[in-house]
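One chain follows as structure tokens, the form predicted on its own.
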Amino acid sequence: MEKIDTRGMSCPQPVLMTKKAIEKNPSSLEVLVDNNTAKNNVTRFLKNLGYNIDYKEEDEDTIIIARK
């Protein structure tokens, strides 16, 4: 499982980092975000690529769990 930490970054950086990780063709991916804009944009990007999305909340952060 590919893991990406995008905390402290503003869009479009979290989406660009997710796109780069997807180029490795992982079957699953975890993206750690710390704001709703990044959460929404990364989620939309992954759903458009056919990933199923789940979330796990950790304190003020969200882990986006994406699986094909």
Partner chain sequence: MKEKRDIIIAGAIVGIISVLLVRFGNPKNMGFCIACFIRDIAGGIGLHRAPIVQYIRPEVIGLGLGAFIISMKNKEFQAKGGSSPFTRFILGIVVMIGALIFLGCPLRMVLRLAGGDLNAIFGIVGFVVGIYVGVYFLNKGFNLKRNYTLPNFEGYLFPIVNVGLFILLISGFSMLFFSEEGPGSMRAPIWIALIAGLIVGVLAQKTRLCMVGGIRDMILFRDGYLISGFLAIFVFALIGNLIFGYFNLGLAEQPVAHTDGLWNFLGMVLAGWGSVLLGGCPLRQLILAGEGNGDSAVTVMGYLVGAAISHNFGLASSTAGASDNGKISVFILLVLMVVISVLNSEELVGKKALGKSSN
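Source: prediction; values computed, not measured. Positions refer to the first chain, counted from 1.
Just so you know, the form predicted together with the partner chain exists too; it's not on screen, but the next bit is about it.
Engineer: Since only the chain is shown here, I'm wondering whether K20 would be in contact with the partner chain in the predicted complex (any heavy atom pair within 4.5 Å).
Structural biologist: Flag for K20 set to yes.
Engineer: How about I53: is it within 4.5 Å of the partner chain in the predicted complex, going by heavy atoms?
Structural biologist: No, I53 stays farther than 4.5 Å from the partner chain in the predicted complex.
Engineer: So, S10 and the partner chain: in the predicted complex, are they within 4.5 Å at any heavy atom pair?
Structural biologist: S10: contacts the partner chain in the predicted complex.
Engineer: Does S27 reach the partner chain in the predicted complex, with heavy atoms at most 4.5 Å apart?
Structural biologist: Outside the cut-off, so no.
Engineer: Is it the case that I4, E57 and R67 all touch the partner chain in the predicted complex, with a non-hydrogen atom of each within 4.5 angstroms?
Structural biologist: No residue of the spot touches the partner chain in the predicted complex.
Engineer: Enumerate the residues of 30-66 that have a non-hydrogen atom within 4.5 Å of the partner chain in the predicted complex, in sequence order, or give none.
Structural biologist: Residues within 4.5 Å: D34, N35, N36, T37, N40, N41, R44, F45.
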